[in-house]
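In structure tokens, one chain follows: the form predicted on its own.
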């Protein structure tokens, strides 16, 4: 189906693997909200919801829409076996037990206490490119900062952080136009085994050591520590989530504020607008545009029965622009006041890293604006990444000054 067909009288069509649709999915999302609020794709056999209320209801209903088969469309379809410790792909009571462990060591206070280190790291990255007439929001900051911060949290040496980031990004890549392939070794966290072994013998003041030593009550009522295999998966999960999505946030920061110079100048002149600006970037271009759920029971959505055994794709990026929820939702506005966005999810699987993402985003924007208050996107050389689970930029070069 041609791109033109999406704006003609033909029935709306959405394919998450179509590069032409992925470049600007929002006109199609708008049609889906209006014409097919419960959408079905027969080619890949999935349902999708795009209205805010429907996405919120699905993500909040962990009885009918479960995570225990993964939250990625391709993996649910493969009926993969979720390894113990992959808590974002677990259901209660195991999810509850695991999440309690992470919440204990991944607190908002601890994330906010990192601000000084995050600011120092940002300054080192950005000071190195001051004086250039062109910088890249990904190569010069977005590709470095999140991995550096997670590395500091986990106790991974500086010299190894780039390799960790590259492995995470490779695991999420998709060949253009094709579904993602499962990398079992990446999911199991095998690349972190040497770090875990070292920390078992050499404890330190870092999150990896805390994960090795913290005790919790498992679903059988046994008070125990995490196994090495569970710690491996926890570490891999935290490293992956912390790298990929925050890097995408920084890329969108460059793109959106480059395209809206009046708003960029407003926040540069008044840094009290930074927090609101970060929230609007997260709403307008969520790094994770959709999340899938396995349908455990027959359930009625939009007056239709979605049968048990189906896959439901919750398109957060569409819900975040739903004009039934957000006034003039298709417009980027750093001064926006109103209801919160859906970018970090809802319900029992709400993102645990949201406090860290917000701190990183805020500090990054403040430090960028101090040095580069004006920029223009080099559109010809900006490259969108190829992934069906995240959406953002491999390169985001801008002319500064």
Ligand code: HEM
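Numbering follows the first chain given and starts at 1. All figures in this text were calculated on a predicted structure; none of them were measured in a lab.
The form predicted in complex with the ligand is left out here; the points below concern that form.
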Just one stretch in 265-273, 290-298, 211-219, 115-123 has heavy atoms within 4.5 Å of the ligand in the predicted bound form, so which one is it? 290-298
So in the predicted bound form, does residue 242 come within 4.5 Å of the ligand, heavy atom to heavy atom? yes
Answer for residue 48 alone: is it within 4.5 Å of the ligand in the predicted bound form, judged on heavy atom distances? no
Does any part of residue 138 reach within 4.5 Å of the ligand in the predicted bound form? Heavy atoms only, please. no
So in the predicted bound form, does any heavy atom of residue 363 sit within 4.5 Å of the ligand? no
Does the ligand, in the predicted bound form, lie within 4.5 angstroms of each residue among 344, 349 and 352, using heavy atoms as the measure? yes
So which of 238, 156, 82, 105 gets a non-hydrogen atom within 4.5 Å of the ligand in the predicted bound form? 238
Answer with one of 196, 317, 88, 253: the residue that has a non-hydrogen atom within 4.5 Å of the ligand in the predicted bound form. 88
Enumerate the residues of 91-117 that have a non-hydrogen atom within 4.5 Å of the ligand in the predicted bound form, in sequence order, or give none. 95, 99, 106
